[in-house]
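In the form predicted on its own, a lone chain appears below as structure tokens.
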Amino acid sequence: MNKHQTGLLLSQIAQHATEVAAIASARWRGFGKKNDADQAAVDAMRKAFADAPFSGKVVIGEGEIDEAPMLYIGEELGAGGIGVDIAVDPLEGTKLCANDAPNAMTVVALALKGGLLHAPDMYMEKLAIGPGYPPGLIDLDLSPTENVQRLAQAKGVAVTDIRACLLDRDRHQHIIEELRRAGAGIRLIPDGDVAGVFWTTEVARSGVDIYFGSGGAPEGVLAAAAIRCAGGQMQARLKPETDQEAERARKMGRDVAAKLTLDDMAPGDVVFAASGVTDGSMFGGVRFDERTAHVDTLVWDSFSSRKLRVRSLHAL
């Protein structure tokens, strides 16, 4: 199987997995039951992977094997074939789905074995922009002000024309205050920082130029897969909150002080797929009629530089 065939195969598997998970979780929109919505997405995604023609291993999942009995880190899936790393967020934005709020989605990234960082379940500081800029434009060691000024200069606009995205968390208040002093616009989101990062890849559609702040490390690797496919830039750093978390990272071979680049988080070719569960900035949510579910999906494949937007119909 050549590189393009590999990308096509993994794209088909990833698209199917996100779409069936989106349909399953969409049935729980607005009922206030985030765990039921998440479980429905997990069950559908696991079933989709069970018969897939690969030997897959979850490197980003719902938790460690002793903490989450569903799509856990280290779980092996598939019917046999090429070795594949699997990164999943079966329902990105469980609260969003439970409240029928915008931007809930299902997310998968697939790469050949060794192609995705095995990230511990802890916080990760993230900084990302989309494609089309000089290499090394942003840097995690620079201040937020310096990063938005560099970005504005590269775009040929004023800082007031730059819009940053952050999770609406107390831990980000100092960044928010600094960015506002610098003159940048800010979009605060309640949940879903995979979406926040990959919005930077389609600024015309999303309105987001740059992503700042800390969120889950597993979500950071999923986001890095999207940035890799889009040709954007991203840096990250693990942020353990306890000595136990720091020790766990070291046991996984991770230097918690190291600045991670795309070459660390997604070093090889990768497929990224995401399907909308609720309406949002990048997707329409799942639509049901009597016999059909309509699903809006994005599939990016760096194996062949293919970027697709698909509106799929699934018989119910």
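A residue's number is simply how far along the shown sequence it sits, counting from 1. As the structure is a prediction and not an experimental result, all values here were calculated from the model.
Omitted from view is the form predicted in complex with a small molecule, to which the following refers.
- Residue heavy atoms within 4.5 Å of the small molecule in the model of the complex occur in exactly one stretch of 156-164, 215-223, 197-205, 137-145, and that stretch is 215-223.
- Shown without its partner, this chain lists K239, R187, K113, R169 as candidates; in the model of the complex, only R169 has a non-hydrogen atom within 4.5 angstroms of the small molecule.
- Though the small molecule is absent from this view, in the model of the complex it lies within 4.5 Å of a heavy atom of just one residue from D209, D85, D191, E75, which is D191.
- For the chain shown alone, G93 is a contact residue for the small molecule in the model of the complex, at least one non-hydrogen atom being within 4.5 angstroms.
- Contact annotation: Y123 falls within 4.5 Å of the small molecule in the model of the complex, judged by heavy atom distances.
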